[in-house]
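The chain below stands alone, shown as structure tokens; this is the form predicted on its own.
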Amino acid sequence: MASSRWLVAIGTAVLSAVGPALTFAAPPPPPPPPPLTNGTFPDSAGLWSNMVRSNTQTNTPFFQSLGSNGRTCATCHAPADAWTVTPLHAQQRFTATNGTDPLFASLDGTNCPGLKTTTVADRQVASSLLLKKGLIRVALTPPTQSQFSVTSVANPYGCTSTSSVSVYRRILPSANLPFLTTVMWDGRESVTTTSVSTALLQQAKNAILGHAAATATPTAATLQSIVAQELGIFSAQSSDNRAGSLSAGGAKSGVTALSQQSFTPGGNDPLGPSAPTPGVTPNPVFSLFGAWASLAGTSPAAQAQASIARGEKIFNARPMALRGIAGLNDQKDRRGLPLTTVTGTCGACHNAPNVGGNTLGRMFDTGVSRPESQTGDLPVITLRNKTTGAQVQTTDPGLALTTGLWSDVNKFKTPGLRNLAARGPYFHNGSAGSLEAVVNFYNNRFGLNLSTQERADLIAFLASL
């Protein structure tokens, strides 16, 4: 949370981080400051749009400083930044304020609170993960009765405590929340409730007391106002640079259609009792671009539309062998048989119709937290199973830091997929810098054997959401 003022600046900033220096390329001119939270904004794929049902003004508690460090909810959930923070705009805000924007507060906007922040150069180093990957530091204490102990933390920035473990995560958008069943990457605000509204109330309170460093508990009315506004926020891609309007010619994408999308917790779940074939999503997840599937025109727009439609079909129907995924292969099907290997599609995890989250909030380990998958800028945390003595190294234990269960190590929520083009980088730790990197990760992880054209089609589809 922090100032709702849209801070922008054009220029070049040089980040002296651990390792070689990183130079920011001069960014393109940013969009004009929005007077309201509704609006349409450019991204690399085209245009995306906001729709806020309840109140489009910026004088609500969501945009007010409710703590002691100047932050508001909009500091980390900026309306013109896809309701999150992207590295490009973090860099612009840093340049505009010499790193004094409340976003960069040492509390969690630096890689470790004890880092030197006296000069601008100091602050660039201190906030390198936020500036490069949009990562906020989160300190979590495992439950007392955890099945594991944290035996060591090798953190390049300090923060080596094994009791309060520092992990670094992307800021989830505060849009499209009616399609959630769990709140936060590790679901920690949802562990005591099945109500998303109740979980969001708890999250808002903890954010104000934590991220905003409030000295008094916010009132019930303040929290209810924030959650009511959040539940009325929708955000989606509206136009593609090549294909044009994503709601033209019978297509059903765009923020208006998204705001009308139905959602049933547990619906379309491939592991549920109604799944006709265990491990296979019973229905296609996305049905936005079927009208474009039969296009045969030669114009650039028609070819781009056909590519998006082909990508949607790949997402819905391309079979893959899903194995070695904690949260999936350690489960049982409706017959009580183990799901050691599952033949499924992308929708085996991303099953929420036309949204792409998980309707039951299931969490999975797809390997994103493994140290060998990283570039050395995240900590390596060693965990030891108290019963078996087994050890595992990870850059973020994920759900296990909330539940204390060994079986939950490295599990993370399945995020929604709408408005992807506007809010990279991707995965909980920002390790995929582009949608191409996301597709390449899954292509390699699950042996999809995508052709060059199929990769382009799938990327085009994901960018159109």
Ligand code: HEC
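The first residue of the sequence shown is number 1, and the count goes up from there. For clarity, every value in this text was computed on a predicted model and none was experimentally measured.
Although not depicted, the form predicted together with the ligand is the subject of the following passage.
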Problem set entry | Residue contact check: residue 170 to the ligand in the predicted bound form, 4.5 Å heavy atom | yes
Exercise. Heavy atom to heavy atom, is residue 400 within 4.5 Å of the ligand in the predicted bound form?
Worked result: no
Exercise. Closest heavy atom of residue 62 to the ligand in the predicted bound form, within 4.5 Å or not?
Worked result: yes
For this session: Flag residue 291 as yes or no: does it have a non-hydrogen atom within 4.5 angstroms of any non-hydrogen atom of the ligand in the predicted bound form?
Result: no
For this session: Please state whether all three residues 45, 82 and 133 have a non-hydrogen atom within 4.5 angstroms of the ligand in the predicted bound form.
Result: no
Seminar exercise, completed: None of 125, 214, 285, 368 but one has a heavy atom within 4.5 Å of the ligand in the predicted bound form; the exception is 368
Problem set entry | Contacting member of 325, 304, 165, 251, with respect to the ligand in the predicted bound form [4.5 Å, heavy atom] | 325
Seminar exercise, completed: Within 4.5 Å of the ligand in the predicted bound form, heavy atom basis, the matching stretch of 236-244, 316-324, 253-261, 113-121 is 316-324
For this session: Check each residue of 199-232 against the ligand in the predicted bound form and list those with a heavy atom within 4.5 Å, in sequence order.
Result: 200, 203, 204, 207, 208, 211, 226, 230
